[in-house]
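Shown next as structure tokens: one chain only, the form predicted on its own.
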Amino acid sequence: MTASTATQDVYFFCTCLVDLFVPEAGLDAVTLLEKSGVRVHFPEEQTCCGQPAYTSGQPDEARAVARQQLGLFPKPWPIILPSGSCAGMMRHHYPTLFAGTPDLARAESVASRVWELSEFLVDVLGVRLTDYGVPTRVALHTSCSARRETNALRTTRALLGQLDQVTLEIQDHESECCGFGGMFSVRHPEISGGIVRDKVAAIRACGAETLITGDCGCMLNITGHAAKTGTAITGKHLASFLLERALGLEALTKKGGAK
């Protein structure tokens, strides 16, 4: 595993969902960055980006939550997130959320430095991966926000495409929502359930052994529905999958080192 840039400093915003439900994804993302020659800083006061309140039509509540994050990134370093939906919220919606307030300048500074993990690995670090794993077939799910607001489909496919023992099976519903959508699944459970049912059926039909995604909310929704309906789907966050494949059991050091 090599990177084309010298060591640099970045902030890591792990997201509240990763912190509470899939902490290993955050830890693996940090390891990937460190093994790519990056020095990672983790502001311990971080909480939520404010997206749940924002997408529920509660801008005042969202602003109160988001404001707590604005002071966590004082140095002009990139801010890396292992979630396309949260990255989209901070990059695209913070300037709107704080428009006309004294916090706008800080919000714009944060927004301009936000990177979704796969974006940063591909477009900034130029990471090159060596596959140490056995042959496997995977399906990919990118969240709606990740596709539209970070172009994560391109960069995630680029990373998976470097793994010569991994075959990407294109599921019939790859571009469609998983049905989670935060509060959408709570307010419209029947619609949400129908969407995830179709998504699970498409993943099963494509013949993949593992579902790969960069958004843990989607992963928990899809694998949870699959388990509930009797046919489990193994889900892995992209960071965990890449770490497992590219570092393997042989080492926790990069092959060749960062350049």
Partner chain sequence: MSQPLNFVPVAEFRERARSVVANPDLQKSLRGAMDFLQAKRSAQFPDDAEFQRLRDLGEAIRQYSLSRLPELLEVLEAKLTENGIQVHWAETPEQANTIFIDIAQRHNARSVIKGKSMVSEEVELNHALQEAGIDALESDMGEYIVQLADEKPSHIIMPAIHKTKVEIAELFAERIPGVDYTDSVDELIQIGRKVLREKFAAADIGVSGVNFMVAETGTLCLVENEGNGRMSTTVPRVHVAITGIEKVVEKLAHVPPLLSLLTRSATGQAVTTYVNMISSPRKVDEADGPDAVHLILLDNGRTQAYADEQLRSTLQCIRCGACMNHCPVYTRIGGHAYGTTYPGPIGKIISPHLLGLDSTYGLATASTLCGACAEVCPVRIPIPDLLIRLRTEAYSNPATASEAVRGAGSAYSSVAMALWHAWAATYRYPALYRLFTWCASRFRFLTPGKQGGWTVNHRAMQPARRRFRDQLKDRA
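Numbering follows the first chain given and starts at 1. All values reported here derive from a predicted model rather than from experimental measurement.
One more form of this protein, predicted together with the partner chain, exists but is not displayed; see below.
For the options Phe98, Phe73, Phe180, Phe120, the one in contact with the partner chain in the predicted bound form, meaning a heavy atom within 4.5 Å, is Phe180. Contact with the partner chain in the predicted bound form, defined as any heavy atom within 4.5 Å, is confined among 180 to 188, 102 to 110, 133 to 141, 155 to 163 to 180 to 188. Highlighted residues Gly88, Arg128 and Gly207: none comes within 4.5 Å of the partner chain in the predicted bound form, counting any heavy atom. Interface residue remark: Glu244 is not counted as part of the site for the partner chain in the predicted bound form, having no heavy atom within 4.5 Å. When the partner chain is considered in the predicted bound form, Thr234 lies well away from it, no heavy atom lying within 4.5 Å. Contact between Ala239 and the partner chain in the predicted bound form is not found at the 4.5 Å heavy atom cutoff. The closest non-hydrogen atom of Glu176 lies within 4.5 Å of the partner chain in the predicted bound form. Contacts to the partner chain in the predicted bound form (heavy atom within 4.5 Å) from stretch 16 to 48: Cys16, Leu17, Val18, Asp19, Leu20, Phe21, Pro23, Gly26, Leu27, Val30, Thr31, Glu34, Phe42, Glu44, Glu45, Gln46, Thr47, Cys48.
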